[in-house]
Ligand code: UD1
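Okay, so here's just one chain, in structure tokens, the form predicted alone.
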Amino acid sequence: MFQKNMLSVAILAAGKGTRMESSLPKVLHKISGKSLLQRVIDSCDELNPDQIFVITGHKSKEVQNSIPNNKKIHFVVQEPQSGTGHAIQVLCKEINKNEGKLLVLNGDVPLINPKTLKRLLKLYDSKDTDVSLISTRKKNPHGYGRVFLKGDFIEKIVEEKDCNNQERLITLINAGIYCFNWGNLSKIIKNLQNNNIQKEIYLTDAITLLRNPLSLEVKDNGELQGINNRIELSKCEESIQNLIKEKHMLNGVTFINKASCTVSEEAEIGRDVIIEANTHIRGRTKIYSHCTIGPNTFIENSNVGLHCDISNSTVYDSQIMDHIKIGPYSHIRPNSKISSYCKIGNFVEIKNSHLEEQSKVNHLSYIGDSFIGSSTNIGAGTITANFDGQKKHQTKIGKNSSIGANTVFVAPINLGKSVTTGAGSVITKDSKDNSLAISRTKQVNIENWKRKKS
């Protein structure tokens, strides 16, 4: 039975993208941490399509493997890549039921707004037409197909290389986004030929073979920008970063130097947070209110609590509680939890460790696979030697302990509460509560000693 309201999406993602000068397929280049193709797929979420077809070609397996499993997404391989019309010819052959609406998108137009796509679908649904497409006006339309109107309908579309001098003066261009009556499109798609300068089969040639083709003219605000080279990729990155940062600024976040910072779309930032210059917030990071982050700081997939100060440091996949000072030049590695009122100072590395409240690691230390009790002070140069050559082992230090400078813990080690270690000690045995652990040789001074000459 013909399903008039069924919505299918075809995403054209087969091209090589030679102008990107890259071994990576063009649609896998990223903007704000997400591939161009994934962004186009995400733009369809609000439309709730019944099925999505991703038409691949160049490095097809690599493109397919980049997309998480989704029952709605199906892959169609276009070989050879002979133009946009050929891509839809291949799709129509591969799919038995060409029913309902077919929305055609480009895998290299990553900023298309779902609201614009809804407008296109609404225009299609409200009129007696076989196709509606998005157009826009450009002061410099070079490189784009020109749209020629006759009354309310599209008379024809002529690609840039096939335009004559008079046709090139037209500023209304084709954005390459279409909504077709898939059934009627499939009846004429096989008739398309490559009678053009590029010897490609153009999807635009289908427009004149369908009933009442309509144009939805959209103001060019950046969402229709296609990406063909690194310059255009950079422009899209800048565009999306401006939108993200302006949203946070309107919600009470201060950027000291907005242009030098980047923020992921998934990040959440509370009110009265100050983001200093050259700070980058990635992934699903959440920063609560009244923090100062940066300068020169990188945070990814981490939670940062209230009233924290993180300077010149990196934080990955970790939990930072309230009232914590980190940096400068600290490195918080994955699976770390820093409890409230702790201090992590200069040139300190924390990895897969839990520090309880009010503990301090002020200078030049490595704390890995460790549990540090509350109100414990770790002296400068302390190292938890957690790796025996085969396995990682844990160091446990009880609360209210005082660890002397340049202490080395050869894990596994378990220290009780209120333990003190002597500076320069190598600790290899467990210590009980309220004990002093010292492991170092007695100093010997040899007078009148001269070094042998080589």
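Model, not experiment: these values are computed from the prediction. Residues carry their position along the shown sequence, with the first being 1.
The protein also exists as the form predicted in complex with the ligand; that form is not presented, and the subsequent description refers to it.
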4.5 Å heavy atom contact, Tyr144 to the ligand in the predicted complex: yes
Exercise: Thr84 in contact with the ligand in the predicted complex, heavy atom 4.5 Å: yes
Touches the ligand in the predicted complex: Tyr124 (any heavy atom, 4.5 Å): no
Pro213, heavy atom within 4.5 angstroms of the ligand in the predicted complex: no
In the predicted complex, segment of 289-297, 323-331, 223-231, 344-352 with a heavy atom within 4.5 Å of the ligand: 223-231
The unique member of Ala380, Cys308, Val109, Ile240 whose heavy atoms fall within 4.5 Å of the ligand in the predicted complex: Val109
Residue among Gln89, Thr204, Thr314, Ser302 with a heavy atom within 4.5 Å of the ligand in the predicted complex: Thr204
Interface residues of 294-311 toward the ligand, as seen in the predicted complex [heavy atoms, 4.5 Å]: none
